[in-house]
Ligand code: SAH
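Have a look below at one chain only, the form predicted alone, in structure tokens format.
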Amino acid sequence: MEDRIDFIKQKAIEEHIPIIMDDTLEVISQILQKNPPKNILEIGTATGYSAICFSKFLQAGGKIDTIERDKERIETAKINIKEMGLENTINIVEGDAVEILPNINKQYDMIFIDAAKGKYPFFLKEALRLLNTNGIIFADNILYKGYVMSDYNKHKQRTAVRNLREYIKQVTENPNLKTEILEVGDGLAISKFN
């Protein structure tokens, strides 16, 4: 099983598909080990690698819903999930998270945000609505190559950087949330309700 996960990881790296970094996964794994979630919502499936890794920490009978809009990645993720025997645990929701999220009416113990950087404030608004009282939100790549905390202002990434800064502002200034920003991987924001 570990060999298979390593293979999925290596293939994603070779194909330049962004996946969760090892040190980020390590931090999340430690938290999930202490508080196993019943259900997880992931925004951004890619090849299914992170969902597969998170599935190890689910409570018995737990489920993961993961949203992806890229057709090719959906197909790869389906194959990877099936080969791991997790097709009854991990459910891929196909389409754009911006359209899908407002129609979800479930509560989740963990929400993992790892999709379009420019949409993070929108994802946060929906995540707060969908999060259980004791739940936890992880936002990956929150420091985005260091641009977010620097005076970076190049046109190409400007929207992403501006919206990631906005996300950080919202989670750190919201009196109902307790947020930590860790400099692991490409930056990880961890938010819980107070």
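Please read these numbers as outputs of a predicted model, since none were measured by experiment. Numbers for residues come from their place in the sequence shown, where the first is 1.
Not pictured, yet referred to below: the form predicted in complex with the named molecule.
At 4.5 angstroms, heavy atoms only, are 41, 108 and 121 all close to the named molecule in the predicted complex? Verified in the predicted complex; spot residues all out of contact, no.
The named molecule isn't shown here, but in the predicted complex which of 67, 28, 137, 164 has a heavy atom within 4.5 Å of it? Flagged contact: 67.
Hey, in the predicted complex, is residue 96 touching the named molecule, heavy atoms inside 4.5 Å? Heavy-atom contact with the named molecule at 4.5 Å: present for residue 96.
Heavy atom to heavy atom, is residue 184 within 4.5 Å of the named molecule in the predicted complex? Flag for residue 184 set to no.
Test of understanding: in the predicted complex, would residue 81 fall inside 4.5 Å of the named molecule by heavy atoms? Because no heavy atom of residue 81 falls inside 4.5 Å of the named molecule in the predicted complex, the answer is no.
Heavy atom to heavy atom, is residue 19 within 4.5 Å of the named molecule in the predicted complex? Result yes; residue 19 sits at the interface with the named molecule in the predicted complex.
So which of 56 to 64, 164 to 172, 42 to 50, 124 to 132 is the stretch with heavy atoms within 4.5 Å of the named molecule in the predicted complex? Checking each option against the 4.5 Å cut-off leaves 42 to 50.
So which bits of 111 to 142 sit within 4.5 Å of the named molecule in the predicted complex, heavy atoms only? Residues within 4.5 Å: 112, 114, 115, 116, 123.
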